[in-house]
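One chain is shown next in structure tokens, namely the form predicted alone.
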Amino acid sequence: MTTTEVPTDIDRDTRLALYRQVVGLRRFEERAHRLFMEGLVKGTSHLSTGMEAIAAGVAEAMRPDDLTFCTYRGHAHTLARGTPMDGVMAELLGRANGVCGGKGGSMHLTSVEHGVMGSYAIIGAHLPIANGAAWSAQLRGSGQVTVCFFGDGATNIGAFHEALNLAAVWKLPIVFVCENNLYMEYTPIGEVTAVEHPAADRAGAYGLEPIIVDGNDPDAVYLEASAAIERARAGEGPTLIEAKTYRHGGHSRADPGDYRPEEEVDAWLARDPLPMYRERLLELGIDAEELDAIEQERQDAVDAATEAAKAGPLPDPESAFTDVWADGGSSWRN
């Protein structure tokens, strides 16, 4: 596992913002799990419990008009960009007051208003699309940076290599973040990959630096992301970051995750980013009462979002025929 020294160049307000994010993301995922078990979440769900430091650290380094692309494990990334919690929760429950009107669900969260350009269920497919958004920003001279998140399994997909190559050739303002939680669904990434670090060890092939960060450390992620985003905004091209982390549960809610060695799970649970970061803040002199207040505020927000989502109406059946490219008939082909 990657280890880092405690950074000294992060101000108090930023650290409290990071803690607020990590706590809120954890409480949201815990509630999402409970609602799924109650049969209220429509479809499956892929939780990022244990991986919250990555979404929090990167989002805190981004500008409001920057863009995020993520995978089906996208609750945390969507929320970290400021998307209202009640809208995200309602979307999971398939309600009309969800961010996508209840039609996207857990795996397809999108909020363009907050720079969240979609969660993508096809492995690796969104990397070239993220390049397109970065190219648009480059052509328009907007100064926007695109951040594209993907799992370790995507590094063995052709789109990963195509996207990295094109981004490097065109010096696109994009940051690629590999959330390496060690498993491709049920398969350990190390068993099917020729190199030890599936993202970082391939960076050199595209003229990029091999960067590995402790994905359970909000400070480390924030600093690495800040540097990468600054380079992209300055016209210095893309960065590839491999963030080492671990999901506490299975791949999805249908997966008990019992294929993972017990000692491995225990070792990573001992490095849970939430209690680890709280302990750091206490050691840095932040009062426990202040952290307690943040935790209570975030729990209250999750409770309120849950009630708002439950109270939301079901989508009108007619809404199934809106926001689509065709009417479903054969005439569009002629």
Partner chain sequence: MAELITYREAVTRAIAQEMRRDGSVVFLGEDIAAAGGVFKTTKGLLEEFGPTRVRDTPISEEAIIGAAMGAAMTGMRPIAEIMFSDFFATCWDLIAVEIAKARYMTAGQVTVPLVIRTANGGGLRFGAQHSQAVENWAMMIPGLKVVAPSTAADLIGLFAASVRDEDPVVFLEQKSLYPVKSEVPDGELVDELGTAKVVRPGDDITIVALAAMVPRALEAAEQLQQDRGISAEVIDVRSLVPLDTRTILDSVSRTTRLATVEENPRLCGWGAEIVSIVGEECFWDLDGPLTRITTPHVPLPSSDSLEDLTLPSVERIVESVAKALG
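Bear in mind that the values here come from a model prediction, so they are computed numbers and not experimental data. Residue numbers count along the first chain shown, from 1.
Although it is not shown, the form predicted in complex with its partner chain is what the next lines describe.
Here the marked residues 165, 319 and 324 all reach its partner chain in the predicted bound form, each with a heavy atom within 4.5 angstroms. In the predicted bound form, its partner chain lies farther than 4.5 Å from every heavy atom of residue 187. Within this chain, residue 120 lines the site of its partner chain in the predicted bound form, having a heavy atom no more than 4.5 Å away. The closest heavy atom approach of residue 257 to its partner chain in the predicted bound form falls outside 4.5 Å. In the predicted bound form, its partner chain sits within 4.5 Å of a heavy atom of residue 158. Just one listed stretch, out of 112 to 120, 242 to 250, 73 to 81, 216 to 224, contacts its partner chain in the predicted bound form at the 4.5 Å heavy atom level, and that stretch is 112 to 120. With the partner removed from view, the residue among 211, 229, 93, 129 that has a non-hydrogen atom within 4.5 Å of its partner chain in the predicted bound form turns out to be 129. Of the listed positions (59, 309, 67, 47), a single one reaches within 4.5 angstroms of its partner chain by any non-hydrogen atom in the predicted bound form, namely 67. Residues of 208 to 235 are not found to place any heavy atom within 4.5 Å of its partner chain in the predicted bound form.
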